[in-house]
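This text opens with one protein chain seen in two forms, each one given by itself as structure tokens under the names structure 1 and structure 2.
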Structure 1
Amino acid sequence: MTGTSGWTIVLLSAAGCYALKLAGYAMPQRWFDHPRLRRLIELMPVALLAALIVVEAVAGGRHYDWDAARLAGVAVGAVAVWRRAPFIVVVVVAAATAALLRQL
């Protein structure tokens, strides 16, 4: 971790996320009435999660890193998600696949 310390990040994320939650209880409701705003906030996680999947799967810093074992693990995890496996199964089969391939 470079620059800003881990504690700063942890505390800023806690404060910001708490403020976001509290805002829904404490702020005037009409601030949030705009349907488009609500729609965008609802869809935000979809865009962010999709981007995070890609970045975590194929990025190594500022370049592409196509690691065969990792990609195979993600692919097996994806099949588990598609088959509606419980979360823990998804995580374990993805990790196990990558770990086993690296043992070979």
Structure 2
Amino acid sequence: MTGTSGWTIVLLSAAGCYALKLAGYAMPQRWFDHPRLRRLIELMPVALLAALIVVEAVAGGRHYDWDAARLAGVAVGAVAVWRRAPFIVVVVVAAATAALLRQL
């Protein structure tokens, strides 16, 4: 991929995301009044973020990469989130765990 085609892909993706966001504003308000749909919309970002975390934790390119240090960092970060730690604490604790395990 050349630099120009890479930037073209990035700009087209950004335009697509922006268009998708605008499409959300164009939806009739009555569509969002149903409680199940509202709950689904509220949970969608959490599900997407969780999926991204799992992919980054266990994928290495086109194959699974079961890195014990990385998985331990994710597990410790999940516990920190569960204990409602501030975001910076979650990141630092997870990174420190992975770094310490790699030094062993």
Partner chain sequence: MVRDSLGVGIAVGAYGVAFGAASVAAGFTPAQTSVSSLLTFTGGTQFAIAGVIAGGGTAAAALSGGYLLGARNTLYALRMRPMLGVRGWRVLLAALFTIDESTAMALGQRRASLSRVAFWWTAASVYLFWNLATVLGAVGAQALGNPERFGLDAAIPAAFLALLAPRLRRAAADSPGAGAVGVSRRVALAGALIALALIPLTPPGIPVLAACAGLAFAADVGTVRRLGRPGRRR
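This is a predicted model, so every value here is computed, not measured. What we label the rigid core is the largest C-alpha set whose atoms superpose within 1.5 Å from one form to the other. Residue positions are counted from 1 along structure 1's sequence.
As summarised for this chain, the first structure is the form predicted together with the partner chain, and the second is not. Here F32 counts as shifted, since its C-alpha moves by at least 2 Å between structure 1 and structure 2 after the core is aligned. Remark: with the core as the superposition reference, the CA shift of R83 between structure 1 and structure 2 stays below 2 Å. Comparing the forms between structure 1 and structure 2 on their rigid core, the Cα displacement of E42 reaches 2 Å or more.
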